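A single chain comes next, written as structure tokens; it is the form predicted on its own.
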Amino acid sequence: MKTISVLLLSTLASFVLVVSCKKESASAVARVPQLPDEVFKYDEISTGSNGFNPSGSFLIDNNMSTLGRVLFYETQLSRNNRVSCGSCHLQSAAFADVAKFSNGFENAKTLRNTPAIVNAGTQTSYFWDMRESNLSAMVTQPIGNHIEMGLDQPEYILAKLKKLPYYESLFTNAFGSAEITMDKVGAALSNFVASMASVQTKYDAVAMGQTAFTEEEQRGKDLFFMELPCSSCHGGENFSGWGSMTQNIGLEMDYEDNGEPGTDWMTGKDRDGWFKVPSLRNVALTGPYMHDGRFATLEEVIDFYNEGIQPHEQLSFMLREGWNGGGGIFTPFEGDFIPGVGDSSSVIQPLKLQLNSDEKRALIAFLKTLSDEKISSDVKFSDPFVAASN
């Protein structure tokens, strides 16, 4: 009798589990995109100051971006239909995440902080370690990531999309054919991501003579461009350097996450702590900061640069005392001597900005002029999905 009771309970539990899973699956797929009768004009992109083109070399196509928008928010592109690209890249946070690390499809945490999406078409490499140089290839990699979305088989991805009735017309409008391929998925997603242009900031308006900085903002700009080495890394109209680059900024003496692989040309050792220099556009909206989200606020970031840089042997030249313009102190290869710069006994001295409280506030005030509030609310970049009616 006891055995029969156990069997009945086991069977009942299995039935409840199956029904529960079916309900969860059904609720996960009960979403359909609600799109306007006339496609959004993704190709109408404003240029920033000095004629800066925020979409880079991408030729933005309205129908491709419309498809890309749906794919960007498509939870069916995850293994259990729970997360989408937009789950980690939140529009309200200028397409960054508000958490240090993002939740994947099974709530496991990502290994690095989710980078903001900003003028992606102008960049030459992607991810914190710059391991991908092609935007169309980059946008599909999180889909296959074992933590993020978990669909590592392209044929499974395509099979799931083919079952959804709304994609036939979307792919036909974008590519002239209803055929769904991974190349088309990547092309549509990258077109949408590249259309996320962010240039409608106070900084751009001032540069184009439409308004003026406050006294505090102007003081911050002078610090950023003329008195501090900020623009040495965060240069160009995208404030990310020219193209894409990595630097060691002295967060640690020995990094748990090594960042970009390779060999440091100066020490001859494996690179340790080299991470992509992010764009500072929308920086006031995209915290927490750094590859591991260790700093919650801009104030914490400024305090780090002011007095917290570690004397790592691979520390960026721009963050070494005395470098700023040449003649920096650094440790060359063992036994080498470089005239006028240092010798093998040189000691790395991290830069100390020595900013007072007023200067810190001024620098942050300037950084806030790089915010494009419109991109965080523009409907054409928003989630198009609504709950399906029964």
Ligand code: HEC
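All residue numbers refer to positions in the sequence shown, first residue = 1. Predicted model, so just to flag it, every value in this text is computed and none were measured.
In what follows, reference is made to the form predicted together with the named molecule, a form of this protein that is not presented.
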### Summary
The one option of 81, 314, 110, 310 with any heavy atom within 4.5 Å of the named molecule in the model of the complex is 110
#### Entry: Among the candidates 93, 277, 180, 151, the residue which, in the model of the complex, approaches the named molecule to within 4.5 Å (heavy atoms)
277
### Query
Can residue 138 be called a contact residue for the named molecule in the model of the complex at 4.5 Å between heavy atoms?
yes
### Message
My question is simply whether residue 72 lines the interface with the named molecule in the model of the complex - judged by any non-hydrogen atom within 4.5 Å.
### Response
yes
### Task
Give a yes/no on whether residue 241 approaches the named molecule to within 4.5 Å in the model of the complex, heavy atoms considered.
no
### Task
Give a yes/no on whether residue 200 approaches the named molecule to within 4.5 Å in the model of the complex, heavy atoms considered.
no
### Message
For the three residues 48, 122 and 365, which mark the spot I'm curious about, does each lie within 4.5 Å of the named molecule in the model of the complex through at least one heavy atom?
### Response
no
### Query
Of these, 166 to 174, 110 to 118, 204 to 212, 151 to 159, which stretch puts a heavy atom within 4.5 angstroms of the named molecule in the model of the complex?
110 to 118
### Message
For the stretch 281 to 297, I need every residue with any heavy atom inside 4.5 Å of the named molecule in the model of the complex, listed N to C.
### Response
283, 286, 289, 290, 291
